[in-house]
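Look below for two forms of one protein chain, each set out as structure tokens: first structure 1, then structure 2.
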Structure 1
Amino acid sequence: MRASHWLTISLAAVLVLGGCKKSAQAGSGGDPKTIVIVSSLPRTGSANAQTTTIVNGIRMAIEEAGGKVGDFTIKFEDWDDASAKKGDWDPEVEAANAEKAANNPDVMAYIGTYNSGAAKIAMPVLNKANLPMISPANTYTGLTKPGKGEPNEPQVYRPTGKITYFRVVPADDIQGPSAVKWMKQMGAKSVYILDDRNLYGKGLADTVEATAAADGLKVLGHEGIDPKAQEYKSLMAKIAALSPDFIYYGGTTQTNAGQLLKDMVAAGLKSKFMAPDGCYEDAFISAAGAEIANGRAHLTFGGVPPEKLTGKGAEFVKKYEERYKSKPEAYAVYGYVCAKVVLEAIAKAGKKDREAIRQAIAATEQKDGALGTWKFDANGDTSITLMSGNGVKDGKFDFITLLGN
């Protein structure tokens, strides 16, 4: 290749790169009467079970509305942010999903993500596009609350300064202290903390550790586990020598909570076991085994559990059971509520405009909805600070107490 060729190509490069200078605008959409809602959740791999219930919840809300809000036809698309090669949420795919949604002028709401790590990638992209994003599952505190995460959080996720991210689940800074409060209520003096070294589990376990130390609950140790490990017998043998009153695990069913509980019992530990809402699903009991979970497992969960709900909540449970022939898991109601919030916002805004819908979402006030009565605060967080404490009795979750903050 002669030098002159390279010169030509370089010139062309400058010309084309120069093209980037023109500021791109999102074009106007196809059908003005069609509004698209997308969800971006890991549909391939281990989280599939929970995301299926979330998507079920979303679909149910849209079906209830008859697929229409006013004159607008609502189309829902269920996107996967996992890849086969990773078997879990994949940062590249989540980034591509967010950009795809940002660039599709028909998309008026983005329901997701499941993993807080994925939210960190999608949030700034969607924020620049002024596209409202509602998460049914992210609990990492730093995503919304100033001063509680890294110094640059959450501004770093809001390049435009507007609040475009909302979540219907209480964040870790509510759930962590509630867990400590409950342990103390049950007379615990000491706790051993474990976490799965994921954003969700680690963040929660850190909060529990900090609160416990402040509240006079003795923390005997805090360790991370390898969530893919076969068993934790040697870890439990070590903990057995300290005999803590409680073992707190910041993690989920998928990150092996059932196995931890099982090995705790096998090691002859008499401690009780507490885990967050990531374990509040039937799969946790069936993974640990009902006999082992009975009386030992304690789970915190944002809001009142579905079966204790009255009014709309009870209605939701009944309708879900009819529709999907199975009991709604904890996450189903969050998915349902996300979709409800979006649909109501579209109705209130009355036009196909991201800014109008964003403002309507921010002004959401749910009265006696499936999660009770709540609204979004200035950070986009749910105002629900009520947690419930649940045990396991006869192989079923058993509501024990309310933990207000």
Structure 2
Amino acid sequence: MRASHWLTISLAAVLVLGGCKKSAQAGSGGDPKTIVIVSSLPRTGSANAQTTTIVNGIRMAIEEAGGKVGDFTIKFEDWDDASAKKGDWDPEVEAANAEKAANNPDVMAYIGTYNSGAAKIAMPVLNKANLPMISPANTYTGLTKPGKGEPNEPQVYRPTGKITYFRVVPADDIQGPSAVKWMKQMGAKSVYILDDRNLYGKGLADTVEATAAADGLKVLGHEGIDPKAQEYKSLMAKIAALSPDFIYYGGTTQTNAGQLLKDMVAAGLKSKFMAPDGCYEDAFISAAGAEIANGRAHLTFGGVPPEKLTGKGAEFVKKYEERYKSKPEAYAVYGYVCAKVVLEAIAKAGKKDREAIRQAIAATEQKDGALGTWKFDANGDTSITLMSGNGVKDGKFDFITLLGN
């Protein structure tokens, strides 16, 4: 998942230049019997409801381990990468978090980020420090897959040449085609594509456009929006004249997806609205309004919603509800799995050493885990390719169909 502005990479470069040499030597010293795991997620703003459930999932995994792995005491620190001034993740804060983690010899794993743009900032810093990073939510393809992003991706995020970044969710080269497949299954002949001009949103929208053109779904237009605009009435009036079967939005709740849907309905469009996992959070329904979202909003998600998990996944949901007296949002189980991967890697490594733990994470192969059976490939991507299509019914997300393999 998740958004960023293309310009943040240059800002990140300025912010981290001073600390890279120092952080490259981090990973020794500290308390020999204490291992710190940190998370860096937006804890300020509307994403907080989702990220709270991710953090809860991480805590559950550590609690299940009794707060220890072998002779090591595991400490978890919940870091915010958002700021009050932005109300969302902030590149300056994410850069500071990455440096702080890289330079703390007790930190052996960095769980994050939520937003793909934030990952672009943290990844090279943590890579130079040989500090493993594992994301529960990033989906931008260029973070890991050569030839599927910018020309310098993903090498620019791997200055040491090692793979230190991993993710447990399917990337957008799977999500985009799944969205097109689903629109066609629902009888769509045309789509108008919008994006928030950010890393995650535009990248995904571009993938949808390319796939639609190849699969015979007519693209009536594609343009970027101002994600801070108060309303989009004139835009929707223009689109209404074209009568697309779908409006596809590459963006997130935080980049005004709810307002787009409200203005689409207000303009009298009969189109359906489709958005990616960046909107698969309760905050999206609140922003759009339940009555407006009901039956009109369609959302793709990497995997299945919590209520459709089976086996150990269903056990996780039950324990979560007992522990927190509430239902987990979609990414909670991914936070839990991230923590489980780290804890298993620490046990396998048997020592407080970033390189040993990195190697153990890379070799992860979970069988019958909360997300089923899966492993990381050579680029740090999950082998999971299953997606789901979800709607909104009675003000709540409603599972509709499985997508992908």
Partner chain sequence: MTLVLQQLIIGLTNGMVFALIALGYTMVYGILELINFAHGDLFMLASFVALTLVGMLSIADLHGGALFGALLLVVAACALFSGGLNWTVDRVVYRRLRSAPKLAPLVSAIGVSFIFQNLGLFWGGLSMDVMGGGVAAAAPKAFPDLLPSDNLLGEGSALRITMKDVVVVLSSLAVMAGLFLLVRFTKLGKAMRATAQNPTAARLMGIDVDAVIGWTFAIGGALAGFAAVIYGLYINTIHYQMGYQNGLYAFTAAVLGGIGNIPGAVLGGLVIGVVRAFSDQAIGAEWQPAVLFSMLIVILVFRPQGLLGSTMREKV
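Please note that residue numbering is based on structure 1, beginning with 1 at the start of its sequence. For clarity, a rigid core is taken as the largest C-alpha set superposing within 1.5 Å between two forms. The shown structure was predicted, so the numbers you read here are calculated from the model rather than taken from an experiment.
Asks: Eyeball the pair and call it: which is the form predicted in complex with the partner chain?
Replies: That would be structure 1.
Asks: Taking the rigid core as the reference frame, is the Cα of Glu209 displaced by 2 Å or more between structures 1 and 2?
Replies: The answer is no; the displacement is under 2 Å.
Asks: Is it true that Gly224 shifts between structures 1 and 2 by 2 Å or more at the Cα, once the core is aligned?
Replies: Shift at Gly224: below 2 Å after core fit.
Asks: Look at Ala82 and decide if its Cα position differs by 2 Å or more between structures 1 and 2 after superposing on the rigid core.
Replies: Result for Ala82: yes, a 2 Å-plus shift.
Asks: Aligning on the rigid core, what is the distance the CA of Ser46 moves between structures 1 and 2, in angstrom?
Replies: C-alpha displacement of Ser46 between structures 1 and 2: 4.9 Å.
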